[in-house]
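One chain follows as C-alpha coordinates, the form predicted on its own.
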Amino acid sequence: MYSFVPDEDQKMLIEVINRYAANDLRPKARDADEALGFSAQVIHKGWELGVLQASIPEEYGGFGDRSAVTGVLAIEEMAYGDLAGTLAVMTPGLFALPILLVGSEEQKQKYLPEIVEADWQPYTAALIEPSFDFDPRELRLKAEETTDGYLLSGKKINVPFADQASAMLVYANLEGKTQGFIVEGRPAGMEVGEPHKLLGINALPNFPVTFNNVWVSRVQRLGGPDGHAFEPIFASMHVAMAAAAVGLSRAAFEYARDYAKEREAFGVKIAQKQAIAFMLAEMATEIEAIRLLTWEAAWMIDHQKEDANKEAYLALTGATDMAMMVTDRAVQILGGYGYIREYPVEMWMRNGRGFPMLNGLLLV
(Lines give C-alpha, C1' and ligand atoms only; values in the text may rest on other atoms or scores of the structure.)
Protein backbone atom coordinates (compact mmCIF):
# COMPACT_ATOMS: atom_id res chain seq x y z
CA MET A 1 0.00 0.00 0.00
CA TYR A 2 1.36 3.41 -0.89
CA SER A 3 1.37 6.45 1.36
CA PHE A 4 0.12 9.92 0.53
CA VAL A 5 2.53 11.46 3.07
CA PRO A 6 5.96 12.54 1.73
CA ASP A 7 8.91 11.25 3.72
CA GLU A 8 11.42 13.59 5.38
CA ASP A 9 13.75 13.76 2.37
CA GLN A 10 10.85 14.54 0.06
CA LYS A 11 9.59 17.25 2.41
CA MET A 12 13.02 18.89 2.41
CA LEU A 13 13.14 18.75 -1.38
CA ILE A 14 9.67 20.31 -1.64
CA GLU A 15 10.66 23.13 0.71
CA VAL A 16 13.84 23.93 -1.22
CA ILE A 17 12.06 23.91 -4.59
CA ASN A 18 9.19 25.97 -3.20
CA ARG A 19 11.65 28.71 -2.20
CA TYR A 20 13.17 28.65 -5.68
CA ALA A 21 9.71 28.73 -7.29
CA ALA A 22 8.52 31.62 -5.10
CA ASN A 23 11.71 33.70 -5.05
CA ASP A 24 13.21 33.10 -8.49
CA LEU A 25 10.74 31.69 -11.01
CA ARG A 26 7.49 33.47 -10.08
CA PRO A 27 8.91 37.02 -9.82
CA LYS A 28 10.76 36.70 -13.14
CA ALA A 29 8.14 34.76 -15.09
CA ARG A 30 6.41 37.77 -16.66
CA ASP A 31 9.65 39.37 -17.85
CA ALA A 32 10.84 36.01 -19.17
CA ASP A 33 7.57 35.55 -21.05
CA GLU A 34 8.06 38.96 -22.69
CA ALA A 35 11.78 38.44 -23.35
CA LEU A 36 11.22 34.89 -24.71
CA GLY A 37 13.54 33.25 -22.23
CA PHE A 38 14.80 33.11 -18.67
CA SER A 39 18.28 34.34 -17.81
CA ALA A 40 21.03 31.75 -17.61
CA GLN A 41 21.40 32.61 -13.92
CA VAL A 42 17.83 31.54 -13.11
CA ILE A 43 18.11 28.31 -15.11
CA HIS A 44 21.45 27.38 -13.57
CA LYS A 45 20.15 28.06 -10.07
CA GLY A 46 17.25 25.68 -10.70
CA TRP A 47 19.66 23.07 -12.07
CA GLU A 48 21.77 23.33 -8.91
CA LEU A 49 18.80 22.10 -6.87
CA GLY A 50 19.74 18.66 -8.17
CA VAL A 51 16.35 17.28 -9.17
CA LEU A 52 17.74 15.34 -12.14
CA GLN A 53 21.01 14.54 -10.42
CA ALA A 54 19.10 12.90 -7.57
CA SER A 55 17.49 10.54 -10.10
CA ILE A 56 20.82 9.26 -11.42
CA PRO A 57 22.75 6.53 -9.53
CA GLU A 58 26.23 7.29 -8.20
CA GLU A 59 27.85 4.97 -10.72
CA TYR A 60 26.74 7.36 -13.46
CA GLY A 61 27.67 10.60 -11.70
CA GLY A 62 24.46 11.27 -9.75
CA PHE A 63 23.70 10.95 -6.06
CA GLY A 64 20.45 8.98 -5.83
CA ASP A 65 18.05 6.59 -7.49
CA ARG A 66 15.16 7.38 -9.75
CA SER A 67 11.81 7.72 -8.03
CA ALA A 68 8.81 8.80 -10.10
CA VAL A 69 7.00 9.80 -6.90
CA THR A 70 9.80 12.12 -5.82
CA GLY A 71 9.98 13.40 -9.39
CA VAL A 72 6.32 14.41 -9.58
CA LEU A 73 6.54 16.11 -6.17
CA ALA A 74 9.50 18.16 -7.42
CA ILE A 75 7.92 19.02 -10.77
CA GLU A 76 4.63 20.11 -9.18
CA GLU A 77 6.41 22.44 -6.79
CA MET A 78 8.61 23.97 -9.48
CA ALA A 79 5.70 24.45 -11.91
CA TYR A 80 3.91 26.26 -9.09
CA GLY A 81 6.49 28.97 -9.74
CA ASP A 82 6.37 28.89 -13.54
CA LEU A 83 5.75 26.23 -16.16
CA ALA A 84 8.15 27.51 -18.82
CA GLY A 85 10.93 27.91 -16.28
CA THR A 86 10.37 24.35 -15.07
CA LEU A 87 10.57 23.00 -18.61
CA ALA A 88 13.76 24.97 -19.24
CA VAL A 89 15.51 23.80 -16.07
CA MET A 90 14.52 20.17 -16.69
CA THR A 91 15.29 20.05 -20.44
CA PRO A 92 18.50 17.97 -20.00
CA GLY A 93 16.30 15.29 -18.43
CA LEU A 94 14.63 14.78 -21.81
CA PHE A 95 17.94 13.33 -22.95
CA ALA A 96 19.30 11.81 -19.75
CA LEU A 97 16.28 9.98 -18.30
CA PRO A 98 15.47 7.89 -21.40
CA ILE A 99 19.11 6.81 -21.46
CA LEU A 100 18.85 5.87 -17.79
CA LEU A 101 15.58 3.99 -18.36
CA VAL A 102 16.30 2.07 -21.56
CA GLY A 103 19.78 3.00 -22.75
CA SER A 104 22.64 0.56 -23.14
CA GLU A 105 25.35 0.37 -20.50
CA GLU A 106 27.78 2.04 -22.91
CA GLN A 107 25.37 4.94 -23.47
CA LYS A 108 24.84 5.40 -19.74
CA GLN A 109 28.58 5.47 -19.07
CA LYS A 110 29.24 7.87 -21.93
CA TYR A 111 26.49 10.48 -21.52
CA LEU A 112 25.08 10.51 -17.99
CA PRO A 113 28.22 11.59 -16.07
CA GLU A 114 28.97 14.43 -18.49
CA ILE A 115 25.41 15.74 -18.03
CA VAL A 116 24.83 15.43 -14.29
CA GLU A 117 28.35 16.28 -13.09
CA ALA A 118 28.47 19.56 -15.02
CA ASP A 119 26.51 22.81 -15.05
CA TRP A 120 23.24 22.95 -16.99
CA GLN A 121 23.83 22.11 -20.64
CA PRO A 122 21.37 22.16 -23.57
CA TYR A 123 20.81 18.43 -24.02
CA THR A 124 17.33 17.94 -25.43
CA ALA A 125 14.93 15.62 -27.26
CA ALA A 126 12.76 15.76 -30.39
CA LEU A 127 9.44 13.92 -30.16
CA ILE A 128 6.51 16.12 -31.27
CA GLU A 129 5.65 16.31 -34.98
CA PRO A 130 3.66 18.86 -37.03
CA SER A 131 0.51 16.81 -37.57
CA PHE A 132 -2.95 17.26 -36.07
CA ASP A 133 -3.19 13.53 -35.32
CA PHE A 134 0.26 13.25 -33.76
CA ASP A 135 0.77 9.94 -31.98
CA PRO A 136 4.15 9.11 -30.38
CA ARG A 137 3.56 5.45 -31.20
CA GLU A 138 3.02 6.14 -34.90
CA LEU A 139 5.68 8.66 -35.82
CA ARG A 140 6.12 10.06 -39.31
CA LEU A 141 9.80 10.79 -38.96
CA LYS A 142 11.35 7.64 -40.43
CA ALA A 143 14.51 5.78 -39.54
CA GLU A 144 15.82 3.67 -42.42
CA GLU A 145 18.35 0.97 -41.63
CA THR A 146 21.54 0.91 -43.71
CA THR A 147 24.54 -1.39 -43.69
CA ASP A 148 26.35 0.68 -41.07
CA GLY A 149 23.64 2.64 -39.28
CA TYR A 150 20.39 4.54 -39.84
CA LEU A 151 19.14 7.48 -41.91
CA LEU A 152 16.65 9.84 -40.23
CA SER A 153 14.20 11.77 -42.39
CA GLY A 154 11.27 13.95 -41.34
CA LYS A 155 10.29 16.96 -39.24
CA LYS A 156 9.97 17.70 -35.54
CA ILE A 157 8.58 20.73 -33.74
CA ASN A 158 8.73 22.15 -30.23
CA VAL A 159 12.31 21.01 -29.63
CA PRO A 160 13.63 23.00 -26.63
CA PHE A 161 17.02 24.68 -27.07
CA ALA A 162 17.56 22.93 -30.41
CA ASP A 163 19.61 25.85 -31.69
CA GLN A 164 22.36 25.21 -29.14
CA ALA A 165 21.89 21.54 -28.28
CA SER A 166 25.02 19.58 -27.41
CA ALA A 167 23.07 16.46 -28.40
CA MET A 168 19.45 15.49 -28.84
CA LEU A 169 17.46 12.30 -28.60
CA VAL A 170 15.38 11.94 -31.75
CA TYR A 171 12.36 9.64 -31.73
CA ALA A 172 11.65 7.96 -35.06
CA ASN A 173 9.56 5.23 -36.66
CA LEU A 174 11.70 2.19 -37.41
CA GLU A 175 9.70 -0.55 -39.12
CA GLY A 176 6.52 0.50 -37.35
CA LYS A 177 8.03 0.89 -33.87
CA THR A 178 9.06 4.04 -32.02
CA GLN A 179 12.78 4.05 -31.37
CA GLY A 180 15.24 6.66 -30.15
CA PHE A 181 18.45 7.83 -31.81
CA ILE A 182 21.17 10.00 -30.31
CA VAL A 183 22.19 12.84 -32.62
CA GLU A 184 25.27 14.79 -31.53
CA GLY A 185 25.92 18.39 -32.52
CA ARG A 186 24.67 19.59 -35.91
CA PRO A 187 25.34 16.79 -38.45
CA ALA A 188 24.89 17.13 -42.21
CA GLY A 189 21.23 17.16 -43.22
CA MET A 190 19.93 18.53 -39.92
CA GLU A 191 18.37 21.99 -40.06
CA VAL A 192 17.09 24.05 -37.11
CA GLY A 193 14.46 26.61 -38.07
CA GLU A 194 13.39 29.90 -36.52
CA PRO A 195 11.96 29.67 -32.98
CA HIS A 196 8.25 28.97 -32.71
CA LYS A 197 5.88 31.78 -31.75
CA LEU A 198 3.36 30.13 -29.46
CA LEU A 199 0.34 31.18 -27.43
CA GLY A 200 2.05 30.26 -24.17
CA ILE A 201 5.30 29.03 -22.56
CA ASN A 202 7.11 31.77 -24.48
CA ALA A 203 9.99 31.69 -22.00
CA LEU A 204 10.97 28.23 -23.28
CA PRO A 205 12.86 28.51 -26.60
CA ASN A 206 11.25 25.97 -28.96
CA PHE A 207 12.39 25.19 -32.48
CA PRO A 208 11.36 23.15 -35.53
CA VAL A 209 14.03 20.70 -36.70
CA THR A 210 14.20 19.04 -40.13
CA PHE A 211 16.13 15.83 -40.75
CA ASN A 212 17.24 15.16 -44.31
CA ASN A 213 18.84 11.71 -44.38
CA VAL A 214 20.78 12.39 -41.19
CA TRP A 215 23.07 9.44 -40.60
CA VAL A 216 23.60 7.93 -37.15
CA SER A 217 25.63 4.85 -36.29
CA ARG A 218 24.21 1.66 -34.82
CA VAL A 219 25.61 2.44 -31.37
CA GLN A 220 23.60 5.69 -31.37
CA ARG A 221 20.31 3.80 -31.30
CA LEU A 222 18.87 4.11 -27.81
CA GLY A 223 19.30 0.80 -26.05
CA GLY A 224 21.96 -0.37 -28.49
CA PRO A 225 21.62 -2.10 -31.88
CA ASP A 226 18.51 -4.03 -30.81
CA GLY A 227 16.66 -1.01 -29.41
CA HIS A 228 14.19 -1.18 -26.54
CA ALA A 229 10.51 -0.92 -25.63
CA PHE A 230 9.49 2.69 -25.04
CA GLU A 231 6.43 2.38 -22.80
CA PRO A 232 8.41 3.28 -19.63
CA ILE A 233 9.43 6.56 -21.27
CA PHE A 234 5.88 7.42 -22.30
CA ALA A 235 4.59 6.73 -18.78
CA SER A 236 7.30 8.99 -17.36
CA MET A 237 6.27 11.75 -19.77
CA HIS A 238 2.61 11.45 -18.82
CA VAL A 239 3.04 11.72 -15.04
CA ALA A 240 5.59 14.52 -15.37
CA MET A 241 3.25 16.69 -17.42
CA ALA A 242 0.33 15.84 -15.13
CA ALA A 243 2.38 16.99 -12.13
CA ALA A 244 3.30 20.22 -13.91
CA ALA A 245 -0.39 20.83 -14.65
CA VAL A 246 -1.18 20.40 -10.95
CA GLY A 247 1.52 22.90 -9.97
CA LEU A 248 0.36 25.50 -12.49
CA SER A 249 -3.27 25.03 -11.49
CA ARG A 250 -2.42 25.38 -7.80
CA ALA A 251 -0.82 28.73 -8.53
CA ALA A 252 -3.87 29.95 -10.46
CA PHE A 253 -6.32 28.68 -7.86
CA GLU A 254 -4.51 30.20 -4.89
CA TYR A 255 -4.11 33.55 -6.62
CA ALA A 256 -7.82 33.66 -7.54
CA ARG A 257 -8.87 32.51 -4.06
CA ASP A 258 -6.79 35.18 -2.31
CA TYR A 259 -8.04 37.84 -4.72
CA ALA A 260 -11.65 36.82 -4.07
CA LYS A 261 -11.11 37.11 -0.32
CA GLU A 262 -9.87 40.69 -0.68
CA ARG A 263 -12.01 42.07 -3.54
CA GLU A 264 -15.30 43.65 -2.57
CA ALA A 265 -18.41 44.15 -4.68
CA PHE A 266 -21.49 45.87 -3.29
CA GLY A 267 -19.98 45.80 0.18
CA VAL A 268 -19.29 42.05 0.25
CA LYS A 269 -16.12 40.06 -0.42
CA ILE A 270 -16.67 38.32 -3.76
CA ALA A 271 -15.52 35.02 -2.22
CA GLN A 272 -18.83 35.08 -0.35
CA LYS A 273 -20.78 35.23 -3.58
CA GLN A 274 -22.26 31.80 -4.29
CA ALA A 275 -21.14 31.69 -7.93
CA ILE A 276 -17.52 32.50 -7.00
CA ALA A 277 -17.51 30.16 -4.01
CA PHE A 278 -18.79 27.27 -6.13
CA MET A 279 -16.13 27.95 -8.77
CA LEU A 280 -13.35 27.95 -6.19
CA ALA A 281 -14.66 24.75 -4.60
CA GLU A 282 -14.73 22.94 -7.94
CA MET A 283 -11.25 24.19 -8.82
CA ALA A 284 -9.85 22.90 -5.53
CA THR A 285 -11.62 19.56 -5.88
CA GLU A 286 -10.28 18.94 -9.39
CA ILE A 287 -6.74 19.86 -8.40
CA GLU A 288 -6.73 17.45 -5.47
CA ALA A 289 -8.30 14.64 -7.53
CA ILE A 290 -5.70 14.91 -10.29
CA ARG A 291 -2.87 15.28 -7.78
CA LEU A 292 -3.82 11.99 -6.11
CA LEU A 293 -4.22 10.26 -9.47
CA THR A 294 -0.77 11.51 -10.49
CA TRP A 295 0.80 10.32 -7.24
CA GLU A 296 -0.83 6.93 -7.62
CA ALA A 297 0.41 6.56 -11.21
CA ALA A 298 3.93 7.55 -10.14
CA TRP A 299 3.85 5.00 -7.31
CA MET A 300 2.73 2.33 -9.77
CA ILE A 301 5.63 3.23 -12.07
CA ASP A 302 8.11 2.93 -9.20
CA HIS A 303 6.71 -0.49 -8.27
CA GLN A 304 6.43 -1.64 -11.90
CA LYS A 305 2.73 -2.35 -11.64
CA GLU A 306 1.02 -3.81 -14.69
CA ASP A 307 -1.40 -0.91 -15.21
CA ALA A 308 1.13 1.87 -14.60
CA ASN A 309 1.06 3.06 -18.22
CA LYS A 310 -2.73 3.25 -18.23
CA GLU A 311 -2.85 5.15 -14.94
CA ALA A 312 -0.19 7.57 -16.14
CA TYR A 313 -2.17 8.29 -19.30
CA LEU A 314 -5.37 8.81 -17.30
CA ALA A 315 -3.53 11.25 -15.03
CA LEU A 316 -2.35 13.27 -18.02
CA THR A 317 -5.75 13.25 -19.70
CA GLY A 318 -7.44 14.47 -16.55
CA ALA A 319 -4.70 17.02 -15.88
CA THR A 320 -4.99 18.69 -19.30
CA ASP A 321 -8.72 19.32 -18.81
CA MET A 322 -8.24 20.36 -15.19
CA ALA A 323 -5.52 22.90 -16.01
CA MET A 324 -7.63 24.56 -18.69
CA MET A 325 -10.69 24.74 -16.43
CA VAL A 326 -8.83 26.07 -13.38
CA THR A 327 -6.81 28.72 -15.22
CA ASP A 328 -9.85 29.87 -17.21
CA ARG A 329 -11.88 30.28 -14.03
CA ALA A 330 -9.04 32.13 -12.37
CA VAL A 331 -9.29 34.70 -15.16
CA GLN A 332 -13.07 34.85 -14.71
CA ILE A 333 -12.82 35.40 -10.95
CA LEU A 334 -10.52 38.38 -11.48
CA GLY A 335 -13.03 39.81 -13.94
CA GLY A 336 -11.58 42.52 -16.17
CA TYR A 337 -8.30 42.42 -14.26
CA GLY A 338 -7.85 38.80 -15.29
CA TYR A 339 -7.40 39.92 -18.88
CA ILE A 340 -4.72 42.48 -18.03
CA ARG A 341 -1.08 41.48 -18.36
CA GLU A 342 -0.29 43.13 -15.05
CA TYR A 343 -1.86 40.07 -13.41
CA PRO A 344 -0.39 36.58 -13.90
CA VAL A 345 -3.60 34.62 -14.48
CA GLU A 346 -3.83 35.40 -18.21
CA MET A 347 -0.29 34.04 -18.67
CA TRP A 348 -1.14 30.94 -16.65
CA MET A 349 -4.21 30.37 -18.83
CA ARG A 350 -2.10 30.64 -21.99
CA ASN A 351 0.48 28.27 -20.54
CA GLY A 352 -2.19 25.83 -19.36
CA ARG A 353 -3.64 25.60 -22.84
CA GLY A 354 -0.42 23.98 -24.03
CA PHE A 355 -0.63 20.74 -22.08
CA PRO A 356 -2.56 18.77 -24.73
CA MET A 357 0.01 19.72 -27.38
CA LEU A 358 3.27 19.62 -25.46
CA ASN A 359 3.36 16.17 -23.90
CA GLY A 360 6.93 14.96 -24.08
CA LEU A 361 8.65 18.14 -22.89
CA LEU A 362 9.13 16.79 -19.37
CA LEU A 363 10.11 13.49 -17.74
CA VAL A 364 10.54 12.25 -14.18
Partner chain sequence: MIDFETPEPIKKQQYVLTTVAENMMRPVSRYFDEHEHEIPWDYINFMHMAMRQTGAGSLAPREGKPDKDKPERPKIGYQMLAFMLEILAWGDVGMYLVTPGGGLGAAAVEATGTPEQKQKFLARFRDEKPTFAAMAMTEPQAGSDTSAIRSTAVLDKETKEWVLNGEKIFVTAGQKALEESNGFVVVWATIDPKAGRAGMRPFVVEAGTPGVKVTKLEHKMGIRCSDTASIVLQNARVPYDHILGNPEVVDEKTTKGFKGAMATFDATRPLVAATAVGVARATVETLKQLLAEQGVNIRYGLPRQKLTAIEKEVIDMEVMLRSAWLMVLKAVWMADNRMHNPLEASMAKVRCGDVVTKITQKAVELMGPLGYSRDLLLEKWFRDAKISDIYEGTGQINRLIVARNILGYRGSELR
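Positions refer to the first chain, counted from 1. Model, not experiment: these values are computed from the prediction.
One more form of this protein exists, namely the form predicted in complex with its partner chain; it is left out here, but the text below deals with it.
Partner-facing stretch of 269 to 277, 150 to 158, 174 to 182, 102 to 110, counted where any non-hydrogen atom is within 4.5 angstroms of its partner chain in the model of the complex:
This holds for exactly one stretch, 269 to 277.
Which one of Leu292, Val219, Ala118, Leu199 is close to its partner chain in the model of the complex, taking close to mean a heavy atom within 4.5 Å?
Selected residue: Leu292.
Answer option from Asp135, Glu114, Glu145, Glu191, heavy atom within 4.5 Å of its partner chain in the model of the complex:
After the contact test, the surviving option is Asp135.
All of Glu286, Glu296 and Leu314 with a heavy atom within 4.5 Å of its partner chain in the model of the complex
Contact check passed for all of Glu286, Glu296 and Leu314.
In the model of the complex, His44 touching its partner chain (heavy atom, 4.5 Å)
The answer is no: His44 has no heavy atom within 4.5 Å of its partner chain.
May I ask you to check whether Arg250 falls inside a 4.5 Å heavy atom distance of its partner chain in the model of the complex?
Flag for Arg250 set to no.
Any of the heavy atoms of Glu282 lying within 4.5 Å of its partner chain in the model of the complex?
Flag for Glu282 set to yes.
Would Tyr255 show up as a contact with its partner chain in the model of the complex if we use heavy atoms at 4.5 Å?
Outside the cut-off, so no.
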